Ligand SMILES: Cc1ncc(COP(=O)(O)O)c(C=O)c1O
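A lone chain, given as structure tokens: the form predicted on its own.
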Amino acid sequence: MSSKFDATSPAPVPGERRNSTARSQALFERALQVMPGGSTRATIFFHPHPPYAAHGEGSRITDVDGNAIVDFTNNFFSAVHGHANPQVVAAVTEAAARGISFGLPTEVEVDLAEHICGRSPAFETIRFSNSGSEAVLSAIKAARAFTGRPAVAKIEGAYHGSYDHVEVSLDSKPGDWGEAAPIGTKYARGTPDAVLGDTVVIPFNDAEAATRLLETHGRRLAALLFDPLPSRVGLVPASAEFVAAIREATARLGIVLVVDEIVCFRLSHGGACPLWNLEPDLVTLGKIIGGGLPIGAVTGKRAIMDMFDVRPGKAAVPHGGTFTANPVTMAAGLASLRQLDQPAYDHLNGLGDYFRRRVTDAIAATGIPAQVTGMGSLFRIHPHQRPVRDYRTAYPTDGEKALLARLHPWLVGQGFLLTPNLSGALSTPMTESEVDALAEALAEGFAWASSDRAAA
């Protein structure tokens, strides 16, 4: 079969994995006894069970059964240099030898803060945390303290972590969408009703509707949380008109504009905002700034960031964290970001453009309705050809969901790891050969997954 990356591997049976999965299955059965659903992360589960990673190097993972997998998730877009990057490994080893964590600050914390703030004039000061979810939560708390307002606004379908308010309408169904304005829906069972009352949902890429909703609720809105390239909304960029409208409205109404760059910071040396000529109030960061270790950060205007300042006494927003800014993570992040120079961005973004062209051509040759969206080194494959503008136009039908559920494990069986909704990110070790192989696999996989035999 032409889609195999390793031409020496035996040809797989369509829909089945190439080699044994016995050890992964045994580990999953053990995990079921001690973890709900056999996993600590809902995002990595797919039926019947995922392969278990043994080790990784560059763009590849080897699972516990010895199967080689080309990794297009890169731990959900965080491992920008792939696995076991030598400079990151060396930095982590040296830092750990000096001490894994302290109840004191370290010099490398200042080094990483200086490096990140040096990437954009919008990053006046920065505050680290242990995850992107925590960074978003901290940004919202700072905005509430700064404005004295309780409510927040977010984009329909956008993912910003596991805080109740930002999970509102994360997976709303067509019956909940509403007409004049999106209807806020709960994501997790048990979310208090009060959360819905303090969360305003606005549609993506609809400047008129967004402005109207912000004006209607402006007096009680502390912040608008905004990702200009939201993965779960369809991984399509915000239009210039939409960005200009929400920036004007938030500034006029005194709403703190929090730009979530936890994923899209990888688009350029200064992050995403410069690509949209957007001046944020706060920016949340994570993923690639930690070099593969847990991290989050809030940065932005000094006046708002000062809500975290403990020097006068009790900060307006007290924020600690036993493992926040631990020196191992700081060292890994610094080693990773120092390698992300302009040639690295040119490689990643150029390869991303090549990926989208190559996949578009490969799928078109099959005659199967599918498409790829994305920007820079980020991509998402859609099992339809409807124009994707927002969450609603990206939303898959039941039949399209079933097709994705067949196609994703088929790709894993061929040795390619994407997220279950077929999103992914490129890493610096990747070349056109990995892209070509995945493009061929996607074309073959769509043909198989759309067949009557696959659906049976």
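Source: prediction; values computed, not measured. Don't overthink the numbering: it's just position in the shown sequence, from 1.
The form predicted in complex with the named molecule is left out here; the points below concern that form.
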item: Candidate stretches 144 to 152, 369 to 377, 112 to 120, 160 to 168, one within 4.5 Å of the named molecule in the model of the complex by heavy atom; value: 160 to 168
item: The named molecule: the contacting residue among 137, 262, 359, 255 in the model of the complex [heavy atom, 4.5 Å]; value: 262
item: The unique member of 281, 156, 227, 71 whose heavy atoms fall within 4.5 Å of the named molecule in the model of the complex; value: 227
item: Touches the named molecule in the model of the complex: residue 287 (any heavy atom, 4.5 Å); value: yes
item: Non-hydrogen atom contact residue 349 with the named molecule in the model of the complex at 4.5 angstroms; value: no
item: Distance check, residue 268 to the named molecule in the model of the complex, heavy atom within 4.5 Å; value: no
item: Contact flag, residue 132 vs the named molecule in the model of the complex, heavy atom cut 4.5 Å; value: yes
